[in-house]
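Heads up, the chain below is alone and in the form predicted on its own; it's given as structure tokens.
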């Protein structure tokens, strides 16, 4: 029996009814949790709802949430990229190395972005051409990119970047909004359109559901994956540059461990670790929950180590809870079916 590619792609993308179901299930739960966190935080401190605090809330984690957007597409596609934080570090250190070597700062920025895209394509090559699992490949490049970053700057920090570069990360560009927040909003809108309202987005979903069936139906699986991983490297490099501008310095340990927060944000948003299911709306709610939760803990002087532990617990919950919810839902449906048959 032949498989119609258009029918397969249409079935793989969430329709209106599935979005309605999502909004009253996982996304609805996330929204309720977010409202509760906001209420608690507002009660903890009068400064919480100020414009300054809300901007700081985003600014302190802006690089993570930018990368979380492309990570959402990769995980829905049935893959994972563990090298994103190391690429952020490599990009920041490459920029610092070029700057210290006398390379023009304006010219260094596109060079670093090309390095990021090349690193992402390297991941894609081993995954799509060599047939290696993305978990193994990106774990290897996680180590490799981080090692290269440390080679470039060794144990020293590089500072004294041009004032205009530091200002891009530390001052408002449009009113009080810094450049990184504007980039986040633009990328969020762009990826929502790509994932949920384009043919490419439907291909991302269908490959995540079953890449063999997708290939049989005419989808160029290797091309889609190559685009996603190259974009991941490029956006991670951009995030590394934004981090360097915000902090005003780079070291070999830039963004060390950021992949934990990034993956937690994505999975907490209801994106299936097995691929084929999820939405950027859920990822956005998850971003707001994690940022507000960290902000609330900071307001009551919870240490960074404890905050990291809480994020680790969220990672476990984000993996287990959706599967538990589906199992409970199936059990409830079976129970109602047995009652109705009596």
Partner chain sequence: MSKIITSAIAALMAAGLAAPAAAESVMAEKGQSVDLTLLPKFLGILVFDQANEGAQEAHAELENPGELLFVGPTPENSVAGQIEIMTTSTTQGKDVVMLSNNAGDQIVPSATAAQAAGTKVVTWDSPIPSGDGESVFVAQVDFGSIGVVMADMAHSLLGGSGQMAVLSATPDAANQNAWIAAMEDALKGSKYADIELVDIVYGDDQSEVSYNRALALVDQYPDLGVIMAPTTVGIQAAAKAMQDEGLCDQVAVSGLGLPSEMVSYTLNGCAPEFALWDFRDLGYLTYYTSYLLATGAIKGEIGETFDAGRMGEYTIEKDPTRDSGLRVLMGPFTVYNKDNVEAAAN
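Residue numbers count along the first chain shown, from 1. These numbers were taken from a predicted model, which means no experiment stands behind them.
This protein has a second form, the form predicted together with the partner chain, left out of what is shown; the following refers to that one.
Taking a 4.5 Å heavy atom cutoff to the partner chain in the model of the complex, the contact residue among 299, 311, 33, 317 is 299. Think of it this way: in the model of the complex, the partner chain has a heavy atom of just one of 173, 249, 140, 183 within 4.5 Å, and the residue is 249.
Heavy atoms within 4.5 Å of the partner chain in the model of the complex are found in exactly one of 129-137, 104-112, 70-78, 254-262, that being 254-262. In the model of the complex, the partner chain lies farther than 4.5 Å from every heavy atom of residue 277. Remark: residue 43 does not count among the residues lining the partner chain in the model of the complex, judged by a heavy atom distance of 4.5 Å or less. Among residues of the shown chain, residue 38 is not one whose heavy atoms approach the partner chain to within 4.5 Å in the model of the complex. The partner chain is not shown here, and in the model of the complex it never comes within 4.5 Å of any heavy atom of residue 273. Looking at 211-243, the one residue that comes within 4.5 Å of the partner chain in the model of the complex, counting any heavy atom, is 243.
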